[in-house]
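Next comes just one chain, in structure tokens: the form predicted alone.
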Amino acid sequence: NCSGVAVDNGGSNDVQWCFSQVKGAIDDDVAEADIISTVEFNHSGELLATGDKGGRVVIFQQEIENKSQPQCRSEYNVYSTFQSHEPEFDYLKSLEIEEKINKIRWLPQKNAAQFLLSTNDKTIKLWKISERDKRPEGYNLKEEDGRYIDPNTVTALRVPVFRPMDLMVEASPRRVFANAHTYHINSISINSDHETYLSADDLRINLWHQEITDRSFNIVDIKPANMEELTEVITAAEFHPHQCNTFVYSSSKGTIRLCDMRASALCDTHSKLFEEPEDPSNRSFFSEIISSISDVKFSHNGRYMMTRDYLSVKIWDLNMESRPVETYQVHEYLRNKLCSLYENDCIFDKFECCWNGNDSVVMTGSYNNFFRMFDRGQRRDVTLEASREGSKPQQVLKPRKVCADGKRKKDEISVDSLDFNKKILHTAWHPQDNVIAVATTNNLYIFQDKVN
């Protein structure tokens, strides 16, 4: 049952979110390398991957539920940790290339092993994560400790056998897709044909084959001949979940372009342009900055797409370009705080968004370690907080309210006391269940619906 949002306990559909786990150090002084930069469930939801600024990927695995205690939800425990990217230096441009993991995308599972793509600003890597619980023993030309035996001393032939051993999870890099991006990669997306994927940077989108590392096809290029004429950049891109020829990309000007790869090899001319006309009454110095789209995600059914800009989440029907069918205000109370948010650079924060398993609820992050859920069917929303204060297992999360002006009620938090250094940029929703992963600066919170 992926039905959604808890605001009151009246309806039967209400989900009561409660604390399940928190991963990461408790210290207040956060090491830069430990800051989480991406969160992603695999297609079954059994595995949950996080990437951080130190170039590491940590994979958590959901433990099998205990049948004798159905009220105890299964937990996620560390399955594998590996260094995906190292810091590099571009000697031609005298630029440091950060090891920070920008995105992780799981490939659909084809055999016992799992595969994922991870990328930093310049290089995409395909990793294989596999298990070993047996080891071969009884070689003819090798001792158990690995030393080789002189063949002349071998008198009998024996057949090597596999013996059980402690489970080992190995992560090995299978492909490295490099040297295709001049600018910083912001998105990777795997095609529904299970053969190709795209990678997008500020000005170009490339199409890759998963098996071929030394070349990719440029499918979008918005770089002007004269860089002084540059007016917009690509902020995110994603393939349609079912139509392998269709993808979208969003821009810093608040537009989303849908392209069809059947139309031409270079998709610079879009098939559809989704753009909402600006409300003149809201026009301000910051209008252009806050209209920049930080994330775009297709719904699982492929009918809708969701975009996140600085203040809102919009749901678009792919059949209607003129305006979104739904608009949800994430933190409207910040509209008259934009000046100070510009001065402390928060206005440039890139919040991501995600759908629940059946597309009925969407989720995105905010400041003060708040995150928001919007129930599309019931037109209800809730603000929840990821904090260690309420972190006892099965403890129900209390909805939070922010007071925008004037008199503050007892349970409300005033806008001026919000902590803008605590922000939730990355969230993920389990593809089948009501299990969510929410990244605060260096901690990963896992919340689940209350099991009665």
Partner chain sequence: MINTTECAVDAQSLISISLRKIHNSRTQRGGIKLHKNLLVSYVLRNARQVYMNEKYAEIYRMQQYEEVMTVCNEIQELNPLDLAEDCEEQRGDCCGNGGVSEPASLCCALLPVSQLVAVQSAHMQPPSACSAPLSLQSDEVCKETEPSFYQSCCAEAYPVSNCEFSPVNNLHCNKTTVLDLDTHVVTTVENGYLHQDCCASLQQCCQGAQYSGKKRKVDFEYYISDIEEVPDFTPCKRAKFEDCSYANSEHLDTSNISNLISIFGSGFSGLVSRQADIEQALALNGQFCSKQALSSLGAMTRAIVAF
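Numbering follows the first chain given and starts at 1. Fair warning: this is a prediction, and the values are worked out from it, not measured in the lab.
Not pictured, yet referred to below: the form predicted together with its partner chain.
Taking Lys253, Arg175, His300, Lys272 one by one, only a single residue has any non-hydrogen atom within 4.5 Å of its partner chain in the predicted complex, and it is Lys253. With the partner removed from view, the residue among Thr123, Thr246, Ser292, Asn369 that has a non-hydrogen atom within 4.5 Å of its partner chain in the predicted complex turns out to be Ser292. Looking at Met320, you'd find every heavy atom of it more than 4.5 angstroms from its partner chain in the predicted complex. Taking the partner from the other structure, its partner chain in the predicted complex has no heavy atom within 4.5 Å of any heavy atom of Glu131. At the 4.5 Å threshold, heavy atoms of Lys223 reach its partner chain in the predicted complex. When contacts are judged by a 4.5 Å heavy atom cut-off, Val78 does not count as touching its partner chain in the predicted complex.
Of the candidate stretches 348-356, 377-385, 321-329, 164-172, only 348-356 has residues whose heavy atoms lie within 4.5 Å of its partner chain in the predicted complex. Counting a residue when any of its non-hydrogen atoms is within 4.5 Å of its partner chain in the predicted complex, the hits in 223-249 run Lys223, Asn226, Met227, Glu228, Glu229, Leu230, Thr231, Glu232, Val233, Thr235.
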